[in-house]
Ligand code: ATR
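This document starts with one chain, in the form predicted alone, laid out as structure tokens.
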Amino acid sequence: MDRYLVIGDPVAHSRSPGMQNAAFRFHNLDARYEKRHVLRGEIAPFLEEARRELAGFNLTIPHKGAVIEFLDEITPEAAAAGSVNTVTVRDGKLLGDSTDGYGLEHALLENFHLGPAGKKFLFLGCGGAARATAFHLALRGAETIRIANRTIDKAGALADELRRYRRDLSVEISAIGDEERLAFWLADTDFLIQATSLGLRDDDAMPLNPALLRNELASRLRVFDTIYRDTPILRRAAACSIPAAGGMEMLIHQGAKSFEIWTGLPAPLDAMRRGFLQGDRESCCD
């Protein structure tokens, strides 16, 4: 039996096992996907185990960047973004890829029937999810990428990398607390992408002042939260009649791409969507 995992810290919330095991069952594959809690300091020994015992694995926060130095190969897009979420194990070698951007692009198409070409994006946060998806959106023709982050230096570093990656791309940065700048941006933005970890816990606050999301933005703005649960920013958007969606379709499509990378088979999206919604009672969490 081929074994696959998703690792992270935290990882108990992950619904990837239900989704991937549904795909394996659909294609009658002798394979199993589980989740494991792996701390940052445990990455190196985990990867040695993976070389021997796994066929592939996914990574979630905070491991998407930390894993890169240990890999044998990495795709150009993942290298540019400095983020890997999908690793294939082949003949003991670790091959890294990123399907986050692919997942976001197809989630926007699924939820809003709009693609990234010619659009303006505002990211809240610039961690692993923002990095991977921003580089993909740049590759797919986004007109403008704006980054609001608590640490302005970190946002600036990502902006510089994006400008080098695509020289004609308009990139702007701001402190996430600069409400005047954010209000100006929101009035001139197609997609607000919530890419911080705020919303994973029930008592999390919104990453920006709720008053910045107003009813008059609903004619243009679309809000997407990369977290796949009901979050404060999604509730605020709904209250203002702003079209909004959570991260379910992003996870399904990025997982579908991972499945295709690992198996070479077409991903059964409907089966994976049902697996995501139903969960996987046989899966375990270490």
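Note that residue numbering follows the sequence shown and begins at 1. Here the structure is a predicted model, which means the values were calculated and not measured. Take the two forms, find the largest set of C-alpha atoms that superpose within 1.5 Å, and that set is the rigid core.
Keep in mind that the form predicted in complex with this ligand is missing from the display, and what follows is about it.
- This ligand is not shown here, but in the predicted bound form it comes within 4.5 Å of a heavy atom of Lys154.
- Contact between Ala129 and this ligand in the predicted bound form is found at the 4.5 Å heavy atom cutoff.
- Proximity of Arg214 to this ligand in the predicted bound form falls outside the 4.5 Å heavy atom cutoff.
- Shown alone here, Ala195 lies within 4.5 Å of this ligand in the predicted bound form, counting heavy atoms only.
- Heavy atoms within 4.5 Å of this ligand in the predicted bound form belong, among the stretches 180-188, 80-88, 99-107, 145-153, to residues of 145-153.
- Taking a 4.5 Å heavy atom cutoff to this ligand in the predicted bound form, the contact residue among Leu47, Ile61, Ala218, Ala55 is Ile61.
- Superposition on the rigid core between the shown form and the other one places the CA atom of Cys240 less than 2 Å from its counterpart.
- A displacement of less than 2 angstroms separates the C-alpha positions of Pro268 between the shown form and the other one, with the rigid core held in common.
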